[in-house]
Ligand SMILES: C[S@@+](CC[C@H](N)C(=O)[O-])C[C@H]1O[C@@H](n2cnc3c(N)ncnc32)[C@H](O)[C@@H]1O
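Consider the single chain below, provided in structure tokens and representing the form predicted on its own.
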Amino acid sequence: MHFSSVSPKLLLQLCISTIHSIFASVFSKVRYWTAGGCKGSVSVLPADRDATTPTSVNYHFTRKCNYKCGFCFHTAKTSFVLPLEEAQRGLKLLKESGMEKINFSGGEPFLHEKGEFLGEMVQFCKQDLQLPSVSIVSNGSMIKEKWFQKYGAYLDILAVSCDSFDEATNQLIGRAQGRKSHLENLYKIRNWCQQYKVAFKINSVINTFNIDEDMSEHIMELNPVRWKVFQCLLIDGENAGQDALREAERFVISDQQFQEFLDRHSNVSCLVPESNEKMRNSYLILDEYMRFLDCREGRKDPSKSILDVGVKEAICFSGFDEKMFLKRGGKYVWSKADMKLEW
């Protein structure tokens, strides 16, 4: 085409059309590149869908731990812990974005400041933020009765990790500290939960060391509100790969082995199974910097901190699968006021 033969009006229309096509192409690529990890929109895109609501959040505020579980997938790669005021600011942002349940984990959450830091956050979430559910996951080794006396009223659920009811097996796994009995602590904490009206829960990671164990009798005696049973999961940079602090390959079991364990315990009504498929993308995990961790690629890729960019933008890079969250039973009766428990 010879532009000298084209009218100025037609030439202008052609230029506008070309520019429009270029912008449409660029916009499409930007949308493809940035929207992959986000259910809704990111800050550079128009909000054509609602952003993910952080209904249930797991805040791993510390990585330090006094146990050395061989399959641990959140290891002590840093010793950083946010100042209390900053942590509370982040928790308030989450509440304003729709959070209903917060779960504090680690590392070992009772290790930092002997549980006082944790207690302050638990009280803040229940008393100030009025969250329906506040829970903790702990190995149980650092919990004292005086903590329950001071903070128990603000806690809905306490989950204690226990992978075996054989002390020697716990030692082999690394869920132990010296000669202290992990099982004695477990039963003692169960009684404190009953006394101070905190719902008691047990978490177990099924691996090569406990795959043949029958835990039914002990679980039914302890009578937790939930028994979460996890299939051992590999996370690159945490418990597998070159930069990992653990070598969890020797703990890994097959899907079939995991199913056989579940079948053996099918009579335990409180059992809640979580295979690798269900677990990998169905948790909203915040690290010690309050960054969401995306585990879709078998590693933990962090977002920017919610303290810097807000919850709506950070959550877009969490890789969170809300459908799988609901499928695995992530939403349940999680406030002790609604559980109708007999204390």
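Computed from a prediction, not measured in an experiment: that's the story for all the values here. A residue's number is simply how far along the shown sequence it sits, counting from 1.
Keep in mind that the form predicted together with the named molecule is missing from the display, and what follows is about it.
For M279, a non-hydrogen atom is located within 4.5 Å of the named molecule in the predicted bound form, even though that partner is not displayed. By the criterion of a heavy atom within 4.5 Å, F230 is counted among the residues contacting the named molecule in the predicted bound form.
Interface residue remark: C72 is counted as part of the site for the named molecule in the predicted bound form, having a heavy atom within 4.5 Å. Residue contact check for P224: none of its heavy atoms lie within 4.5 Å of the named molecule in the predicted bound form.
For the three marked residues, T208, Q257 and P273, no heavy atom of any sits within 4.5 Å of the named molecule in the predicted bound form. The chain is drawn here without the named molecule; in the predicted bound form, the stretch among 215 to 223, 82 to 90, 105 to 113, 186 to 194 whose residues come within 4.5 Å of it by any heavy atom is 105 to 113. Between the named molecule and the residues L172, A244, L262, V137, the one pair within 4.5 Å by heavy atoms in the predicted bound form involves V137.
Using a 4.5 Å cut-off on any heavy atom, none of the residues of 285 to 300 reaches the named molecule in the predicted bound form.
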